[in-house]
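Below, in structure tokens: the form predicted on its own, a single chain.
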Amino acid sequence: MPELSETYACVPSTERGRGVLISGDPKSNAILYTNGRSVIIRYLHKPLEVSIYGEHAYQATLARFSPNGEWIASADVSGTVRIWGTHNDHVLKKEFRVLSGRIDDLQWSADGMRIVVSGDGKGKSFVRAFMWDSGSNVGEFDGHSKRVLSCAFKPTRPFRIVTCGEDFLVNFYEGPPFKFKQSHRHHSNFVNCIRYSPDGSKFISVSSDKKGVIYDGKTGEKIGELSSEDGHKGSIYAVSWSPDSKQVLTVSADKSAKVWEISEDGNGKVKKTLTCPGSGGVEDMLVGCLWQNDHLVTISLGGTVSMFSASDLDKGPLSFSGHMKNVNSLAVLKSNPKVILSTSYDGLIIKWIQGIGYSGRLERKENSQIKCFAAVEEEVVSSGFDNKIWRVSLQGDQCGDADCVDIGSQPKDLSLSLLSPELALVSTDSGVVILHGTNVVSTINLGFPVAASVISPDGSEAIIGGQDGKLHIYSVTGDTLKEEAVLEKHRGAITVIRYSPDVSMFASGDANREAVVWDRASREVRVKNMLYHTARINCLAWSPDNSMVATGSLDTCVIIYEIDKPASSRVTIKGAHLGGVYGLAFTDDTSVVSSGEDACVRVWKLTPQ
């Protein structure tokens, strides 16, 4: 059975003009965040150790550890809260439907018995507090008229709950059972985040009006605010207290994070402004933060996670990033098979090194979207959703000059001949285009709808798969294609075709969940009955020694077949990626890399059967 050896995690889903909630457990140094339907648990001191929970039926919005670290409560856009175990297989304890709309914040009480959530709801209920085991209400929360963006639970007795939201209000409730006590209108814009200090003496609210206000924790009266000199120049999206309750960390749309000293009388002044490395574009706006033990963690709109050290603020941050969207293709460099390049359709190319993990983004000068992607040693070739094919030269970690060629219609598939990578075959809806460098050698209308294509490493043969499931084999001479044979076996549109590394075989997969391995010389079927997926096959990869072929499908599984054995002796990796597998590659004869809809990249070790 293949075992998971590494996971390269996705980054938190972010949204313009909204804060992102990350939370942590100081004991185990873990942090929690969400992306799509997944909840991700990672450890700040062990970047390759990642655990992912994917049981939500809707997009998850945030998750929090219980005070003892044994349970996690996670919430989603449908208003559902799931409470599940941190360890052993994340067993579900309870599920409650709490609000009628999206949940924006959730907090546990310090004794771990009660949970308060806030968010969007139909009618009046924007906030609810309930017992964690029975789900029964503990109080009435009136006083808000719009979506409530954040809530906080006083960590010490007497318990209090404070909430803030899009109606510019900060509300204060006493209890339990909780009831409305007073309301403050010190902000003139959305109040994005509210947090109690760990000792319960104060709480702070931050807002899109660039202000932060500090209140007394027990009575709820305003006692001070963050000073405006050297303050933030943009909306403040999130705030987090230091463990000793004397400092706070804030992050803002002005692309900076600030550490503030909070004096006894409740006023704050800037101790240090932290700037994260970046190009200074929109994606460098900071939208989330967490102060945990000695780590200051910030998250940018583009998904970059930066960690500063609280004891040495002058030291530069440790940054790591990843994908936020579906990772639709993978490439492994032949010269150095430990290097994995992954791309997502938003145009991000990330370089990973097996055993180390994140190794940087490849920044292109023209950040075009990516639908098809191929890489050889010196360059990457990509096509997006316009009619252009981009060739970008690679110099180490940097991208050099980019050239593009317009081929006149939308590219569906692109394939490079590995021995002379100048030569590329691009398929479009009705035919193919042969490129040499960035010159169109010829555009050939084949007279049938093309679904997938591949060119042999020496550039002498092309295989074109049609929407009708037929494979057409052509010989390539100069700028013309001559049809040699038509192979009929597939019963659905061809989705992917790949030659084996020694070019003695090729494999094809279709939308009707079947894969076939063919012998190239005789054009006969080598391996038949490869019908073990339950949905469309998206990707296919050969092992370097030609002995195995792996297929990845929309049904979330990866199946590995051995060429010399019948298809029934396959090995299946179930649930490799939530939402479907879109990229596959072998790095050596026993390691296969997969990527998918959940924006993660995983490395699996195969044990010889």
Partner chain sequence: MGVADHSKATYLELQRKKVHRYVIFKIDEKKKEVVVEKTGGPAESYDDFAASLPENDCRYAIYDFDFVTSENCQKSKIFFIAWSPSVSRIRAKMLYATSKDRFRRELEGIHYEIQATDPTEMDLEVLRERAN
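Residue numbers count along the first chain shown, from 1. Just so you know, these numbers come straight off a predicted model, no measurement behind them.
Heads up, the form predicted together with the partner chain isn't pictured, but that's what we're talking about next.
Ser409 falls outside the set of residues with a heavy atom inside 4.5 Å of the partner chain in the model of the complex. Within 4.5 Å of any heavy atom of the partner chain in the model of the complex lies no heavy atom of Trp132. Using a 4.5 Å cutoff between non-hydrogen atoms, Arg361 does not count as a contact of the partner chain in the model of the complex. Remark: Tyr532 counts among the residues lining the partner chain in the model of the complex, judged by a heavy atom distance of 4.5 Å or less. This chain lacks the partner; the member of Arg491, Lys181, Lys272, Lys334 within 4.5 angstroms of the partner chain in the model of the complex by a non-hydrogen atom is Arg491. Only one of His186, Lys528, Arg523, Lys338 lies close to the partner chain in the model of the complex, with a heavy atom inside 4.5 Å, and it is Lys528.
Partner contacts here mean any heavy atom within 4.5 Å of the partner chain in the model of the complex, and among 544-552, 56-64, 43-51, 567-575 they occur only in 567-575. Contact residues in stretch 492-513 (any heavy atom within 4.5 Å of the partner chain, taken in the model of the complex) are limited to Arg513.
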